[in-house]
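Presented below, as structure tokens, is a lone chain in the form predicted alone.
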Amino acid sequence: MKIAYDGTAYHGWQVQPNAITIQETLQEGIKKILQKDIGVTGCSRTDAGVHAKEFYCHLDCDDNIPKEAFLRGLNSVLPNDISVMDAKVVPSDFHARYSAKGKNYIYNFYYGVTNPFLDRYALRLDREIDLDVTNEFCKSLIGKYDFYGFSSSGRSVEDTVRTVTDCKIYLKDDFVRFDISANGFLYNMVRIIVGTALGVSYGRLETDVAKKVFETKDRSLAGQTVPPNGLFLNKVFY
């Protein structure tokens, strides 16, 4: 299934004992339609408050329901901030997470006074970003590196080496958009990289800070972890 969601009201994707999550809500919706408990496996563990324009998940199901009826029925029982955009049958060895070749994330900023129509999906900045300086920092991230220092202690994997294939920052409509693609991401990796980019733009950090973080694996050398509201899982590559 291809889904999209506004993550504002949810504590991330993964089911948790004392918080409402996207996965739990989706599974409850499927139970109403199929009258059975079926687990759903997602392509990523997005953080609390993070959004997704394109998120994929899979489930094993023996029911033979036409796609249109399944989509119509499931969307009718889901809240308006979660939508199933498409669904299709895939080979039995397909895995939403492990079959993915890479992901693209976008983080949005905007300038000026507080805008209630933008605050939900972007971080407001009091001053402009130096796009040239920030893009120099972005270029230093492209390649295969150990991103341990660009992740939080809650990471659940031992291998912290990732390959960033593209990274840039640019103006798009009402937003400044930080755009990054990689074969995978660590816990809070994008939000820490974005915070570091802001530090570079505003002169608090050197342009070559990424090299120092890669070499030392020292989280304290990187920037702050920016809030989740501006972050979108934008695309998943299979």
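This is a predicted model, so every value here is computed, not measured. One rule holds for the numbers: they count along the sequence shown, beginning at 1.
Beyond the structure shown, there is the form predicted together with another copy of the chain, which is absent from this document and is the topic of what follows.
- Using a 4.5 Å cutoff between non-hydrogen atoms, residue 126 counts as a contact of another copy of the chain in the predicted bound form.
- Using a 4.5 Å cutoff between non-hydrogen atoms, residue 94 does not count as a contact of another copy of the chain in the predicted bound form.
- For residue 161, no non-hydrogen atom is located within 4.5 Å of another copy of the chain in the predicted bound form, even though that partner is not displayed.
- Remark: residue 52 counts among the residues lining another copy of the chain in the predicted bound form, judged by a heavy atom distance of 4.5 Å or less.
- A single residue from the set 100, 85, 131, 90 has any heavy atom within 4.5 angstroms of another copy of the chain in the predicted bound form; that residue is 85.
- Across the options 100 to 108, 144 to 152, 161 to 169, 73 to 81, residues that bring heavy atoms within 4.5 Å of another copy of the chain in the predicted bound form belong to 73 to 81.
- In sequence order, 113, 114 are the residues of 90 to 114 having a heavy atom within 4.5 Å of another copy of the chain in the predicted bound form; the partner itself is omitted from this view.
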